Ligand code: NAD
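Below, in structure tokens: the form predicted alone, a single chain.
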């Protein structure tokens, strides 16, 4: 069994690494948060002292980091992966970053004889915990086939979508659709509630029809309970939409609806809701209409 390195044990990375350990993979981990590292060590992981150290001890390196600058620093910076990685290794970056950044990092790794895949995920913390994430993977197909079984431990769907960078392009498309779904849900449910209709019954009535969606099923029950504990924070969705807007502008693709939702999220950030779950977008519409969408009291 190949040795795996895992760098980035945050809200998503830690449960993903735990699922690999449960399956019996040989795992070496590193994060700047030593408490997270020690938690994984107690479960059977080996402790890495740096990204360079992890890369030198493993054959497949997985990274799960916040954004493009962090990925570049961890992989290409001082004591980074590139300083310790062995020729022939595969690096799988599961972070959600700009497609051009993935291509830039991949070019540097290729010079060191290392194949890279960009493999962002969708599903948030709940699906990271239960191992049912959706992976969107870009890069060499041979490298994809080499790591598919590993990714399948952490995800229910693992799809190769094209060359390097196409994984993150797919993730940007995903994040646009999710954000607009939540915004549409929010407008509709605030309207129904303000009109005096029980939003829980509205949800039950429409979820099986054309307006039904995975987003609606995941977010509406939390909204009805007023639960905005983060599964995926608004500030992280802002990051993804910023990457989407930058990429769209570079390609000459107008995305006006995305721009609108971005400003909604920015307003919530200013109002102190940056760390709320992105289902908390509804709070923007609730504030405008002076109406809260919650379960009606019986």
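Numbering follows the first chain given and starts at 1. All values derive from a computational prediction rather than experimental measurement.
Here the subject shifts to the form predicted together with the ligand, a form of this protein not shown in this document.
Residues placing heavy atoms within 4.5 Å of the ligand in the predicted complex fall in a single listed stretch, namely 226-234, out of 39-47, 247-255, 261-269, 226-234. Within this chain, residue 31 lines the site of the ligand in the predicted complex, having a heavy atom no more than 4.5 Å away. Among residues of the shown chain, residue 5 is not one whose heavy atoms approach the ligand to within 4.5 Å in the predicted complex.
Using a 4.5 Å cutoff between non-hydrogen atoms, residue 95 counts as a contact of the ligand in the predicted complex. Interface membership of residue 281, defined by any non-hydrogen atom within 4.5 Å of the ligand in the predicted complex, is ruled out.
Residues of 1-17 placing a heavy atom within 4.5 Å of the ligand in the predicted complex, in sequence order: 7, 8, 9, 10, 11, 12, 13.
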